[in-house]
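First comes one chain, alone, set out as structure tokens in the form predicted alone.
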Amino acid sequence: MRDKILYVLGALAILILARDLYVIAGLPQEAAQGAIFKIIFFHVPAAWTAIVAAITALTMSVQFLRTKDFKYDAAAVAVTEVGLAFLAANLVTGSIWARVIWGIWWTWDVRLTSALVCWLLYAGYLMLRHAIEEPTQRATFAAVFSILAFLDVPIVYFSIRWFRTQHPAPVFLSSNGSFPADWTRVLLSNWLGLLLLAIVMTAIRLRQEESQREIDSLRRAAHAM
């Protein structure tokens, strides 16, 4: 049953993303930026998906520290890996846009820098897990690190509101933004497709993590004999 649900969600995600890609290709170019503006339909949803993953990882980490139940630790690492991939997609698409509009691939803008720091923090979370062998200690240290890493997420989100940055101000879902309603619908639809894809990827990664834990448990039992 679980496999069938994943297949359905995966197929739905592919259909939504394929449809949106066709719709986005047919949208008119933005007056000031031209065709490159359309990358926003992937750049922003990727960022939102990464934020959802970070919030989920935070929740799972807190739950592990509260209950010491390793299913929460497994969920935390699974969703962190997926969120890291979407944050990387956000950084890459942002750099492509910057190369065309700003003439450079990267600048040490507050939004860009805080997003890069966020990626490095969650990458460090995964490195920390690989550095500690004892399961309980690894899960505990990782949960605390995940909570601390999340402190950068609000900074990334609010940076363009708190500071004067080179990054453009919000143009949708904002009191001072002006994003056409039909474009907003496409953007939200694309976000739904990416969220479904993230759920499928997280579920697959969670299954891998659970299988690895069973193998490690059997290995430790065999060594103890």
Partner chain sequence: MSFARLVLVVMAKDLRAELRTKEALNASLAFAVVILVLLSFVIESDDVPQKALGNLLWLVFAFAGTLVLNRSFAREVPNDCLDALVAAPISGAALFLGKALASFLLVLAMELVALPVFGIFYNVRWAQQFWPLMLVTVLGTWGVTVIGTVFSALTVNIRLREVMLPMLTYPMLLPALLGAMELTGDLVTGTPIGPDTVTWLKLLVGFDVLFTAASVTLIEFILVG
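Predicted model, so just to flag it, every value in this text is computed and none were measured. Numbering follows the first chain given and starts at 1.
We do not show the form predicted in complex with the partner chain, though everything after this point is about it.
For a residue to qualify, one of its non-hydrogen atoms must sit within 4.5 Å of the partner chain in the predicted complex; all three of L65, L120 and W162 qualify.
Interface residue remark: M60 is not counted as part of the site for the partner chain in the predicted complex, having no heavy atom within 4.5 Å.
Though the partner is left out of this view, W106 does not reach within 4.5 Å of the partner chain in the predicted complex, counting heavy atoms only. Although the partner is absent from this view, F145 contacts the partner chain in the predicted complex, with a non-hydrogen atom inside 4.5 angstroms.
P135 falls outside the set of residues with a heavy atom inside 4.5 Å of the partner chain in the predicted complex. Interface residues of 137 to 155, taken as those with a heavy atom within 4.5 Å of the partner chain in the predicted complex (partner not displayed): Q137, T140, F141, V144, F145, I147, L148, A149, L151, D152, I155, in sequence order. Figure legend: C-alpha atoms of Y157 and V117, shown here, are separated by at least 3 angstroms less in the predicted complex. Distance between the C-alpha atoms of Y157 and W108: shorter by at least 3 Å in the predicted complex than in the displayed form.
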